[in-house]
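The chain below stands alone and is given as C-alpha cells, in the form predicted on its own.
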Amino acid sequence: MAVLITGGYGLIGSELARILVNKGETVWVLDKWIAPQRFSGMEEKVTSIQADLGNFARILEAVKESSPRVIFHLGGMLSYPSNADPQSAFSTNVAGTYHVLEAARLFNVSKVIFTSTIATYGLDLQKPVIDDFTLQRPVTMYGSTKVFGELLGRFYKTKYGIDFRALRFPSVVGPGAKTAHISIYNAWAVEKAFYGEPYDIFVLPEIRCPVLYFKDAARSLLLLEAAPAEAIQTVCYLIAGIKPMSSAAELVAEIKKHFPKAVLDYKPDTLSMSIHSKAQGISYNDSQAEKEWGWKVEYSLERMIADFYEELRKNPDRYR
C-alpha cells in the first residue's frame, strides 16, 4: 500500500518522502506549491498532487486515489502567515485537518500522523518545565489551530478508531526553508552565511529557542508511525529538540566556525521578541516519547550545522 504526505514539498515532508522512497514505499505527496527540484533524481518514484487543504473535494479525491495505509499530515500555515491572515489559517489548518481526518474515515485509512507544535503552549504556565501534560493555552492563531488539530484527532481516534498520533515540534531547522515564522532565524542565519549574504537575526543574542534538525524531525515521524499501537499511550507527544538549548549568539559562534567572515547582525523584531521573551527560562521534557517509542535526538548543534552545509554542497539545486 501507499503513503500520503500532505505538505510533501516542505522541509520535513520532502525529507520524509525521500526516506520512504528509499525504503521501497509507494509515496504520494500533496501540496499547494509544487517544487520539482525537491525530488531531483527520484521524480518518477513520487506521485504529486497539487491541492489546497481547504478544498475538501480535492482532499477526498487525493485520499481515494492514493489509497494510503497511513497519512502523514504535515501541511499547514506557520506562525507569521497564520497571524497575518487568520482566515486563511482557519481554512488550511482547522478545516484542512478536518478534511484529512474525514477523508481517512471515509476511505478506511487506519492511521494518521499529525505534526503539531510547541506553540500550543503559551499562557498560564505553572512550572518552568513543559512536558506532555502541561496546560495548552496558545497566544497565536497558529498554536490555536494546532490545539484544535490535536483534539480533533483524539476525537476521531475515540469515535472512529483511527490510529491518530501527533508530534509537537520545536523550531525545525534545515536548508531551503522558505516560509517566515518566529524562529526561522535559526535556519536562515546558517543558510545566508553559506551564500555569503548578510542577515539580521530578529532576536537578541541571548534569546534561547528549542530547535530540531529536519532529519531528526523526519526520523521522529517514522519512529512514531512504526511503534506498535499498544505502546502509544500519550498520543500527542512533545519533542524537545537539541539539548542544551542554544542562544542566538551560540548559533552565530557555531556558524562562524565554518564561515568566519559571515555578516550576521541582530535587529530584534517586536512580535518575535514578545513571544520568545515569554519562553526564556523554560525547558522541555520529552521523556514520554523516549519511554513509549524510543525517541532520542541524534543531531547536536555542531553536527546539525555541519550537516546543513554538507547538504547545501551536495544538493545545490534542491534547496534553492
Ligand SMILES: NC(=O)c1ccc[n+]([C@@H]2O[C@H](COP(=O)([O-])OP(=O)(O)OC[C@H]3O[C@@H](n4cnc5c(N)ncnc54)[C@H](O)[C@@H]3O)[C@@H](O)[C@H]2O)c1
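The shown structure was predicted, so the numbers you read here are calculated from the model rather than taken from an experiment. Quick note: we count residues from 1 along the sequence shown, nothing fancier.
There is also a form predicted together with this ligand; it is not shown, and the following applies to it.
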item	value
is_contact(residue 308, this ligand) in the model of the complex, heavy atom dist at most 4.5 Å	no
Heavy atom of residue 52 within 4.5 Å of this ligand in the model of the complex	yes
Heavy atom of residue 30 within 4.5 Å of this ligand in the model of the complex	yes
4.5 Å heavy atom contact, residue 224 to this ligand in the model of the complex	no
Contact segment among 252-260, 288-296, 275-283, 31-39, judged by heavy atoms lying within 4.5 Å of this ligand in the model of the complex	31-39
Joint contact, 72, 112 and 235 to this ligand in the model of the complex, by non-hydrogen atom at 4.5 Å	no
Residue (of 181, 99, 165, 215) lying close to this ligand in the model of the complex, criterion heavy atoms within 4.5 Å	181
Partner-contacting position among 121, 142, 156, 202 - heavy atom within 4.5 Å of this ligand in the model of the complex	142
Stretch 159-194 - residues with a heavy atom within 4.5 Å of this ligand in the model of the complex	169, 170, 171, 172, 179, 181
